[in-house]
Ligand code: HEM
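Read the single chain below, which is given as structure tokens and is the form predicted alone.
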């Protein structure tokens, strides 16, 4: 049965595990933000790290942000999904342990081995270093990604086991009997539907990613084992695109669970909701060619498919979720606090971040814009104002000491600092992209520097505001754990 109690209390769960995930996510997120700030300062010629260090930081920032977004999203999903199905805390913690091992390997490969082939590690670049990094550094980087992928795969397999044990199969967990048959009002709750979609796509994506990483590790030591470069690129982008999209599909569960608690209105899994999630289950696995529109050697039908699905995929979940949130909040008498503000902001960020992608997914535009800062503008809007805002809203919800507790002026200042900083930072990328400023360049032309310097100021504001969010979370960490231990399980959460 769906969770029908919306009393604003912490939900009982595996306290140590969820808080360990969030603590790790917050610490690494701040580190990756600082790395991103250093990159912008280097491009703005405010500091002088040198080109090699820039590309090493770019590799660390890309891989680190994708991984930590996955960890943060998994914490949100696991926390709420455990109210409906029987998950394994041991496997949940094993994923975190493997993540930390993998991160250590990746940091070692970059800091000590100077690997800097970007998070995309496109074949055959890792094995063709031309003296820039060693074979061992490349193996350490790809091995670290493989270890992280194994951890996430184990977690998703456990989630699949628990969902099938509770609902019988994925079709029922996606609400297909209610979608295609008689809607008896007993559709699975939104958290289960979203978790099922994420589990399906991420298992496929992680297996594809592990396959290409394994092949490239073999090629690293046995060069005669060759790989088709275009196949390798397709597999890498399929894995990467599925995984980073899944992070926001996991994090949005916080919106589905927390906003109803504030408004005392249930988020119903009606036919439109079920149809949108089922459609996106398929589309998110076929959309990745919109990143390859400049690769003319790819089959034309794949590029056209990526173009069309790139348009269609902006509609189902995003529009349904955004409209649903507006309807839940409208005339509800909601009492706005940091958690509800951040969660509502995240829906704007998700929608706003999708629009530049929609534009860039047009083939004629893509030829001109894709290798510019327009693309970082898209995904920084999507992730900073969307996914990261969801996670910050979640940690404020967990750490709130009482239902009617008020935030300090510092919290509110941090909220507006984060909002304006993230928006200004993303817009500086987008405007620079419109002006044809190239992406992935350590050295910028003099006429590009004003955009870099404005972007650096906004980036510093984002880092400072995020630091305040994280410090507030850590200051409440102990109290949150004690509240978890005392709080009853939400009524009707388990059948």
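In this text the structure is predicted, and so the values were computed from the model without any measurement. Numbering follows the first chain given and starts at 1.
There is another form of the same protein, the form predicted together with protoporphyrin IX containing FE (HEM); it is not shown, and what comes next is about it.
J.: If we take heavy atoms and a 4.5 Å cut-off, which stretch out of 356 to 364, 296 to 304, 384 to 392, 220 to 228 is in contact with protoporphyrin IX containing FE (HEM) in the predicted bound form?
T.: Only one stretch qualifies here: 384 to 392.
J.: Even though the partner isn't displayed, in the predicted bound form is residue 376 close enough to protoporphyrin IX containing FE (HEM), meaning a heavy atom within 4.5 Å?
T.: Residue 376: contacts protoporphyrin IX containing FE (HEM) in the predicted bound form.
J.: Could you tell me if residue 380 has a non-hydrogen atom within 4.5 Å of protoporphyrin IX containing FE (HEM) in the predicted bound form?
T.: Yes - in the predicted bound form, heavy atoms of residue 380 and protoporphyrin IX containing FE (HEM) come within 4.5 Å of each other.
J.: Taking any heavy atom pair closer than or equal to 4.5 Å as contact, tell me whether residue 448 reaches protoporphyrin IX containing FE (HEM) in the predicted bound form.
T.: No, no contact at 4.5 Å.
J.: Can you work out whether residue 467 and protoporphyrin IX containing FE (HEM) are in contact in the predicted bound form, taking contact to mean some heavy atom pair no more than 4.5 Å apart?
T.: No, residue 467 is distant from the partner.
J.: Could you spot which one of 44, 26, 33, 430 gets a heavy atom to within 4.5 Å of protoporphyrin IX containing FE (HEM) in the predicted bound form?
T.: Only one listed residue qualifies here, and that residue is 33.
J.: Which residue, 232, 93, 351, 118, has a heavy atom that falls within 4.5 Å of protoporphyrin IX containing FE (HEM) in the predicted bound form?
T.: Of 232, 93, 351, 118, the residue with a heavy atom within 4.5 Å of protoporphyrin IX containing FE (HEM) in the predicted bound form is 118.
J.: Going by heavy atoms, what in 61 to 76 lies within 4.5 angstroms of protoporphyrin IX containing FE (HEM) in the predicted bound form?
T.: Read in sequence order, the residues that approach protoporphyrin IX containing FE (HEM) (within 4.5 Å, in the predicted bound form) are 61, 62, 65, 66, 69.
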